[in-house]
Structure formats: structure tokens, C-alpha cells
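Presented below, as C-alpha cells, is a lone chain in the form predicted on its own.
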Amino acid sequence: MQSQNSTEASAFTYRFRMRKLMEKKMAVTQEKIDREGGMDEGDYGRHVAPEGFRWDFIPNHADGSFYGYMGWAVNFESLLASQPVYVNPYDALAGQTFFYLSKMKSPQLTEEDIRARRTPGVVGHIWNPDFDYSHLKPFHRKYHIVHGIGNDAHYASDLQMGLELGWGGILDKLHRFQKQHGRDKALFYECEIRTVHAIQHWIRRTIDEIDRRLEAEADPDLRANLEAMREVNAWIVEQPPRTLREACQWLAWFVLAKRTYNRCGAGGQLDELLRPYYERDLKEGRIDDDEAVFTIACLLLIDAQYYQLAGPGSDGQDMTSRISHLILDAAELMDGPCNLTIRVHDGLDQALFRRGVELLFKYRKGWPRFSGDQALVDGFMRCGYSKELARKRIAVGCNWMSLPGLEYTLNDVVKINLAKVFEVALDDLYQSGDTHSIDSLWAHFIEHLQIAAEKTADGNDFHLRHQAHNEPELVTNLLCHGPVEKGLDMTAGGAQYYNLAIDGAGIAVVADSFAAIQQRVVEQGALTWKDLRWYLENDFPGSEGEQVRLLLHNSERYGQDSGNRAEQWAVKVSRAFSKAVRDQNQRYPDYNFIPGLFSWANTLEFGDAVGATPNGRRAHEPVNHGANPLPGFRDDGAVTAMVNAIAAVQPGYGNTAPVQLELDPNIADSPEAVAKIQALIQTMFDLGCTLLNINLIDEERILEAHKDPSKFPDLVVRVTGFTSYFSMLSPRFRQLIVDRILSRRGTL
């Protein structure tokens, strides 16, 4: 068939359709930049509502906001019924979101009030004032803790359950358990049922839009696609999917519902989720690989969810299949921001592994990522879980792992600023009158680290005791094992496991500071403790201060040489942090606290909160990214040295301390490049690393894009765990990425 709208002589090809879809995406991205400015988070595919569109939330509290089961159910229902619906006749799938409900609930308070009640690092999360945690706030401020109180899901639902049940089956399940529990859990079931009805109504509104498009569409190719799109959606509004296209459309609606509700972005094991539908369609002659690739590409385009490929099943056998390869082909066809992770283990299909590395080189957009199965499985087993269960815990977020549908976590939203803890400890040493020694400083650091961990755990417990009255997980509850059966929100006892992540950030600042004091003050006597204090308090003033700063800055550094002073301190800090986090299990035996090392976008705000430090870092400069050394840690930027350092500080309990690599794309010119990177990835996971993110961007291009992002609208970078269009990031966050890339020398 020939398309009347096609500018090509060829037919209505999948490549042509994807180009039309990407043109639309780029236009939407530019509209978001023009109307909303920089956004330091992932590219979620969200569209901008038409000019003049207005929706007001319905408050259910005297403060003017909304909270609890009914508050969220009513507003979710209202938003889905009001926001525009989206249909693109070139797409295989319908639907898009325009809003995040969790960012729209701020009442009419002063900016000062909103800042005081907002979860640090998460714009829009306002806590229910009926539940006061003022007893914890002094500690949150003192140690600059991102406490997670009031934050959203960051765990994974069991998408397989949704595909098997469909929306009608989910409703049947809700009604069945509603009858069993009676009045006792009436509010829970009423709100969950309203949530499903709201999603179904959203789909039906979209079907109505497809009908309107069909009435006006004369192009036979577009009409045929719209008719197929209508048939798919008309089926899945009630029934479980039967085909690959229906499965992708069902997943798309659930993804969009989660995003609209509270921005949650956890995906699943995408190849295994889609494999039965692909194999059935192929066997029955309903699909070929080209159509399968295009359909999956449309799913990836709708929202940059975190999906995992390959890895061992519960029996230890590799899960790579034909559709694993097709998903990579789909990412290639889509050629935009993407968050696929390949899980590397001894049995991994080497063709899939190689293909992933080839795509990194070819498109230079930071995908796919790679996770290390062995360290993740061994670590989670140290938390008391079986190997079979540990293998089910998959990569579904920036740095985080999750058992789909089984555990509630606070992944990536709870962090302790280790650099701030160090600053407090150093000041405490000076104020205490204790002997100024490295051992005394370490003792003060451990004391404050323990307090910070305890108060963070106290915040986790407070969150879990009250979050259902603040922001229940009405959407993610639907595909989890326990909430529907028990009539309890995931935050309120509905989950099977409570594995609460506490991440540490700024480890390089702390390790380098201890090493600089040891080297320059204690061993060499180049500075006295008193002099050090003065220069830090005054941020290394004047030319003399700069000389002192450089003296400290040029001390041994984490990532520089294996086993040097700074690396020894880094290992010591990591182990102390892990112990402080794990110690909380004794205080709260119903939870399993799991340490990680990660900073996400908090790299900037954590640095803002800390003055000058003994490693020669000036006041308010960013802390290090995740578990990475600080920029400029070695003159040659040797990748192997950095990998060895990060491997040495892995927390060791099944959560990650990611490796962020910034490589010169010129290495791809070597015919051995792919094999070298494969070997590097395998080596780092053999050493015990858990997760790898890579950027391949040349310095000239990133500098040009930083000056004028509009010249490079399609430049995609891996910011941290997520990829994003560079032009969408705020100037300060772009600078952070530029500094990372410019500091590398990229030797392998």
C-alpha cells in the first residue's frame, strides 16, 4: 500500500512511520523546553497539554491539598477523565500522559511553607500535615538526609500478572476479595476499583478519539492502522491481551497510568514478558519480525521505562531468546532515550552481549546499560534470601533492583550525604577539645554516621506507618502479590517483603579528605590542624589559600592507584556505611535495610550543603557522582583504575554502587573496540561491580551543545541511571555532565 502522506517513493514502511513519530517526539521535547525550561530527570515521553487547558485538583484537606485513599482516587479519576487523549495514526499504540498528579498537589501555601514540607530533592511531594515528623527534621538538616518520607513507589509491579488478568480480571479479583473482607477494608477496595474504572474510561475515551480520526482519515494506510489500533484497544479495555500488539498496548496503558499517578517508572523483564505473545503470533502467521520490532519500538517510545533483558531465570538458565534481540533492534529503530539493561552472567548469550556493545558505539546515546548478576545475587543472598529469589530481583530503575510485585522499597529516594556527615564530624572534633588526630576524627565520623543511619531508618519507619494516609499506591498495588488479597496498601503491610534502600553519596569527597589529612597534616606536617580549619572555614582565600588548596587537592586520591591511602579510606568508609545501615535491622526487625552508593541528581544539592573540604574541594562544589572518583582523579583517567576502586567499595548486599564511564568515542575506530569493551565489562563484574552506565561523546560536541543546546536537539546523554535529551537539562546539570566528560582521558 502507498501512503498519500509519504514523502518517499517507497511504501508505508515501518522506518518511515518511526521517522514521523520521532519528528513528533522532537517537537514535543522542544515544546517542553520552551514552556517549562530545564528538567533534571529522565525523558518520560510526556506531552505538553494544549495552551489554555486547565485542570484543578479536588482538595480533601483543610490545607487545600489532597491525601489518602479517597483523595488520590478522586483526583486520579478526575485527571484521567479531563486530560487530553492522544492518538497518532503512524503509531502502533495509542495513549500518552500529560501530567504527573504527584507534582500537581501543592496547596495554596507560601513558597517557604512548601519548601519546609517538601521532600528534599523531589519537587511536588507535599506531606500530610496530620502526621508530624518535626522530631526528625533537625537531623535531616544536620546531615542533609534525603529521607524519603512521602515519596512515591520506586518498586516494580508484577507486569506478568497484569498481562494474564487484564483490566477485567483485575476488577474481578478486587470484587472477590472485597466480598471476603467486608466493611473492614471497604475504603481500600472502593478506591482501587475506582482506579481501574478510571483507567478503563481513559482507554474508552481514546477509542472515541480513534473513531473521530477514522471518520476524517482518507489515507488507506493510516485508516488500516487506526482500525487495527481500535480493535486492539477495544479488546484490552476488558480482556487480557492475546497478541504481541495487544500485550504492548496493555503495558503502555499501565506504564502511562503509573506515570500519571505518581511518576513511578519501574519496568520488568521485557523479553520474557513479550516472548509468549511473539512466539504465538509467529507460529500462527500473524506477525513477522519487522512488525514485531516496530511494535516494540512504539512501546519504548511511549515511555523510557527501565526494562531488563537476559540474565538467569530462577533455574539459572539464560533467558535470552529471539525477542531479546528484537528488542535491541527496536531500540535501534527508535533511536532515542532508552533505558534497557542487559544482565551479564556466565551463561549470557554472547551475540546479545556483543550486539549491546555495538549499539553503544553506533548510536552513542548511553544505552544499553549492563548489570552484574553474580554480585547482585550473592549480595541479596547475604540479606537472607534464596538464590532463586535473588535471581528474580531485576534492574528496574536508575540504580535499583526490585522483586516485581513482591517487595516494597524506597529505592533511589533515601540518601545520606556522607560528605555532610564528614563535615559535621570534623567540626565536632574541633569543638570537642579531643586530641586532633586521624583516629579521633574517624571516631567522630562513625558516631555521626551511626546517628544519621538511625534517623534515616526512623524516617523510613515513619513513612511506612503513615504513607497510606498520605499517598497510597493505588496503581502499583493492582499488580502486586498481597495488597488486593489483604486489603492493605503496599506501604501499610500489603507487601511480602520490605527491603528499604539507604544510599550513601559523596564517598570520594570523604575518602580523599581523610587521605589528604593523613598525608599532608599527620605524616608530612605541611599543615597544622589549626591551619587546616582556618583555610576550610574561609574557603582557601587568596593566592596562599590556592596554594594550600592545591597541596591538599594533589594528595593521594580515590581511584588513582589501587591500595593507596584514599582507596583504603574509601573501603573503610563503605564498610562503615554498610554496617551502620545493616545495624538498623536490629532496631526494626520487620524491615531489611540495604545499603547502596548512589547520588542521582542530588550530586549538586549535596555539594551545595557542604563547605570547603580537606581534599581541596571548594565550598558548595558538587560531590562525586555515585561511587565514582571525583573528576581529575588521575592524569590519564585510566578506566581500569576507576573500575578497581568502585569494585572495592561495593556495599555487598544486593543494591548497587554503579560505575559511570565517560569514554572517548574515538576508541570505536579500533577494530578491537567492541571486544575490548566486552572484556572490560566482564572483568568489572568478575571483580564484583554491580551496574555500568556508559557515555561515548566527544568533547567538542558536548562543549558546542552546552553553549547552544538548540543546535543538537537529538543529542542523548546518560545522565546517571537514566538517559535524556541534553537540551532538556538545566544549565547547571549540563555543566555537571560536561565536567565529567572533560575530566576523562578515556584510556583502556
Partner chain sequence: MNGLVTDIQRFSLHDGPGIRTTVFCKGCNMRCAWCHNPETINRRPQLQFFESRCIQCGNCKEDCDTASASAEDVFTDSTGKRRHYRGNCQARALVKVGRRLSAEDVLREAEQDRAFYDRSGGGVTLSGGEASLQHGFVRETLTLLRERGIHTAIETNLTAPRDQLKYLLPELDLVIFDIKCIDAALHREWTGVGNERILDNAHWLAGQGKPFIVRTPIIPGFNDDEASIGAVADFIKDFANLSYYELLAFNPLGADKYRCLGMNYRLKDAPLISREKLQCLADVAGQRGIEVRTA
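Numbering follows the first chain given and starts at 1. Given the structure is predicted, the values throughout are model-derived calculations rather than measurements.
The same protein has a further form, the form predicted in complex with its partner chain, not shown here; the description that follows concerns it.
Note on the partner interface in the model of the complex: the residue among Arg204, His469, His481, Arg634 having a heavy atom within 4.5 angstroms of its partner chain is Arg634.
This chain is displayed alone, yet in the model of the complex one of Asn88, Gln96, Gln584, Gln560 has a heavy atom within 4.5 Å of its partner chain; that residue is Gln560.
Segments offered: 674-682, 511-519, 599-607, 301-309. Contacting its partner chain in the model of the complex at heavy atom distances within 4.5 Å is 674-682. A residue is said to contact a partner when one of its heavy atoms sits within 4.5 Å of a partner heavy atom; Thr243 fails this definition for its partner chain in the model of the complex, lying far away. In the model of the complex, its partner chain sits within 4.5 Å of a heavy atom belonging to Glu546. Although the partner is absent from this view, Thr640 contacts its partner chain in the model of the complex, with a non-hydrogen atom inside 4.5 angstroms. At least one heavy atom of Asp346 is located within 4.5 Å of its partner chain in the model of the complex.
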